[in-house]
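Just the one chain here, the form predicted alone, laid out as structure tokens.
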Amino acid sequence: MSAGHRPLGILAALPQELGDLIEAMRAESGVRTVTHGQRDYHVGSVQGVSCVVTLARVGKVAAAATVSALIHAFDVEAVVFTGVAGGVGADVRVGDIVVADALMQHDLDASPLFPRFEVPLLGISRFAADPALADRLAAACARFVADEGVASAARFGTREPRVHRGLIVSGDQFVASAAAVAALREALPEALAVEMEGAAIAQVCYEYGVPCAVVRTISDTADDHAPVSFVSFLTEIAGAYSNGILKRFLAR
């Protein structure tokens, strides 16, 4: 994917999760900013890759609206979402990275009309990330860990990051209690991370045939300590991870 092709859509929920991507775009190509649906979409290129960068904001509705605009107003070729998440997998720790193989909504329940978690009228509950795009994203994460993992762990006081692949679940609540984590693990034992946007983005991309991939850095373990851990991680670490991962992803 290079300049002259349809652009790549890159989005995150919060500004810190984008790191300095927009500044890098401004330095390389200049930025054209288009306001659409009360969101600013930044158009330019990074490392020769034509991109549209924006904030999805928080929650499934906001994310679905944003990615719909990327598809219809900007004709993106593919979508990549980056950000932080709560870890729910038994082996997932703060500072680890999860690349989605599949995404689903943990709070969707239209039973008894439809099975729990199934999206009504689509007949599926899990939306697969694009395998090739997810592989490229995971490879970028692995290079980031190999190059900067030890230094990042020392700098931020976390263990050396590990890269996980698997199920990410989304819902319209900030999961922040041990009881909520236990309920998620019981209902969805394969879930590695929980957040608030990814499955909505994956559903819209599925319906329009647009490849998508999602990467999440674990900011907290979604328990009672999550609010403090999330804010600290978001402020101090999230941008550094996004910068390192996206730089390596776009370089390929």
Ligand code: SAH
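Note that this is a predicted model, so its numbers are computed, not measured. In this text, residue numbers run from 1 along the sequence as written.
A second form of this protein, the form predicted in complex with S-adenosyl-L-homocysteine (SAH), is not displayed here; the remarks below concern that form.
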item: Ala191, heavy atom within 4.5 angstroms of S-adenosyl-L-homocysteine (SAH) in the predicted bound form; value: no
item: Close approach of Val52 to S-adenosyl-L-homocysteine (SAH) in the predicted bound form, 4.5 Å, heavy atom; value: no
item: Distance check, Ser219 to S-adenosyl-L-homocysteine (SAH) in the predicted bound form, heavy atom within 4.5 Å; value: yes
item: Contact test in the predicted bound form: Val46 vs S-adenosyl-L-homocysteine (SAH), heavy atoms, 4.5 Å; value: no
item: Partner-proximal stretch of 167-175, 109-117, 126-134, 91-99 relative to S-adenosyl-L-homocysteine (SAH) in the predicted bound form, 4.5 angstroms, heavy atom; value: 167-175
item: S-adenosyl-L-homocysteine (SAH) in the predicted bound form reached by all of Ala64, Val79 and Val204, non-hydrogen atom within 4.5 Å; value: no
item: One residue of Val84, Ala138, Val145, Ala180 in contact with S-adenosyl-L-homocysteine (SAH), assessed in the predicted bound form (non-hydrogen atom, 4.5 angstroms); value: Val84
item: Stretch 35-69 - residues with a heavy atom within 4.5 Å of S-adenosyl-L-homocysteine (SAH) in the predicted bound form; value: Val58
